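Given as structure tokens, the chain that follows is alone and in the form predicted alone.
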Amino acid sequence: MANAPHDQRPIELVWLKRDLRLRDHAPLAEAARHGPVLCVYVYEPELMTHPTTHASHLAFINASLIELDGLLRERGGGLITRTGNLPEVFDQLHAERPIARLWSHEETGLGITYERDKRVKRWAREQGIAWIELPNHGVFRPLTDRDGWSARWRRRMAEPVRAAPEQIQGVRDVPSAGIPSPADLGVAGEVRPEAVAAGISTGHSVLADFLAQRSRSYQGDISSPVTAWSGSSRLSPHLAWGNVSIREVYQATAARIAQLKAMPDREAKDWAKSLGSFAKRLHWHCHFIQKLEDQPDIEYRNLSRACDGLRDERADEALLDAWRFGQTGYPMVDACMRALAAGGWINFRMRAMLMSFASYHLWQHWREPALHLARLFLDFEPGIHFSQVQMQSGTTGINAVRIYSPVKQVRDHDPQGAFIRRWCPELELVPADYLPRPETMPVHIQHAAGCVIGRDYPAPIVDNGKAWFRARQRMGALRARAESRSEARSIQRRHGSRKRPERFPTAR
């Protein structure tokens, strides 16, 4: 029932961030137990104009908010939006309607959100308002030691999923700013035409479809951009923006594995094994976010300081523009970048190859490529992103140096060119044998295929073999230094994995 306009009872303010859902939303569930609930999403100017933010991100957020508002209203609640800096927006809301408690999930995000949280904490303390932050992922705050992390993670994932509140005592007399467009907020870019649909119901449908059908050959499908399009879970945007929780996905996966293992046929058991591979990636999801939680400056600085000076921090814009716009002369690199520009998603191996190419073949510092990929990835998650970018660039000090050959990736994962021909139509008639290296086509074949190198498709911007060898030499010399090895031991103690998950607990 709507509150009267003069109602001035203190409210429970639920601050929505990357948790745009109803189920397994502990702050919402707890707030609903205490009194009138107001959910708010704040469009923060410094976040909207940050170099990692793109219009496609805002479109996903807005669609999720619209659906969430409808679901909250069905239960007596609802949400409002505001645009402005924090804690100033909270201060204004507090003047409009006294806030009893501020509820939110913990956030492991960008440096600007970390600093903003410090400001909000000071404001809440000064106002005498309790700010209750509850865990959102399998990330632990504070974490003084990585020992036992995997066991703690499994215990958290096995905790009961919080049900959505059946009834919410809503607040109706606080106005909303509505749903702004990217132009309203100065958000860069255009919405990606092939981006996946957002929302809670879509996220759960994608999960159900994956577990029931598409996960059958997950292990074999995820490496190729051809098969990964349908064989991967495709849940990453819904996890990044919180349409579903990692715990929900974990427990649903555990239940499906148990169901498959109980079946007598060999195919079901192979299917269960394939899903077990997916389950490990849920573990790694939080493992990488934990790194940023424990060391926020990996957004800006090399994790291994022995790598400082390894690459010039000044970007070679000509090389990076060729990479950004899919004009490198390497078909797999170019097809992946163009696919990302259209839909904001590509499979993990191809992401690793793209970052490897920028860091090793082009020998560029990871920072600018990382920002560009953040804008491209619809599922941009800061903790995973910056940890992975540094890992693929060789600056963690503890991970193996993997220099992906873009030529070999064609032969291994798109030998007939189905993916490449879709995203690089100028290569449509190029014979499959020449797709790994179109520049090796004899001139008469180039003309027959309507693809003259240097005219219709660029020549390679670097030599694959020479770039690979040069990068391998540089990284080998760096890793051989005594100070590099000493620092690697320290990094391993702080961030390294201790133990892989062995099995699932019983799903609840």
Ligand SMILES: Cc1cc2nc3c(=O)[nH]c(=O)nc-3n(C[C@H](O)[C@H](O)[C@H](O)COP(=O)(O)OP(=O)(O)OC[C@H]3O[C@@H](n4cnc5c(N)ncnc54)[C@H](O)[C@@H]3O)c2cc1C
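In case it trips you up, residue 1 is the first one in the sequence shown, and so on. The model shown is predicted, which means the values in this text are computed figures rather than measured ones.
Absent from the display: the form predicted together with this ligand. The rest refers to it.
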item	value
In the model of the complex, Tyr300 touching this ligand (heavy atom, 4.5 Å)	no
Touches this ligand in the model of the complex: Ile346 (any heavy atom, 4.5 Å)	yes
Proximity of Arg116 to this ligand in the model of the complex, heavy atoms at 4.5 Å	no
Interface membership of Asp379, this ligand in the model of the complex, 4.5 Å heavy atom rule	yes
Every residue of Ser236, Met355 and Ile384 near this ligand in the model of the complex, heavy atom within 4.5 Å	yes
Stretch from 227 to 235, 147 to 155, 262 to 270, 409 to 417 whose residues place a heavy atom within 4.5 Å of this ligand in the model of the complex	227 to 235
Option touching this ligand, based on a heavy atom within 4.5 Å in the model of the complex, out of Arg338, His372, Arg97, Arg351	Arg351
Residue (of Ile200, Leu282, Leu93, Val171) lying close to this ligand in the model of the complex, criterion heavy atoms within 4.5 Å	Leu282
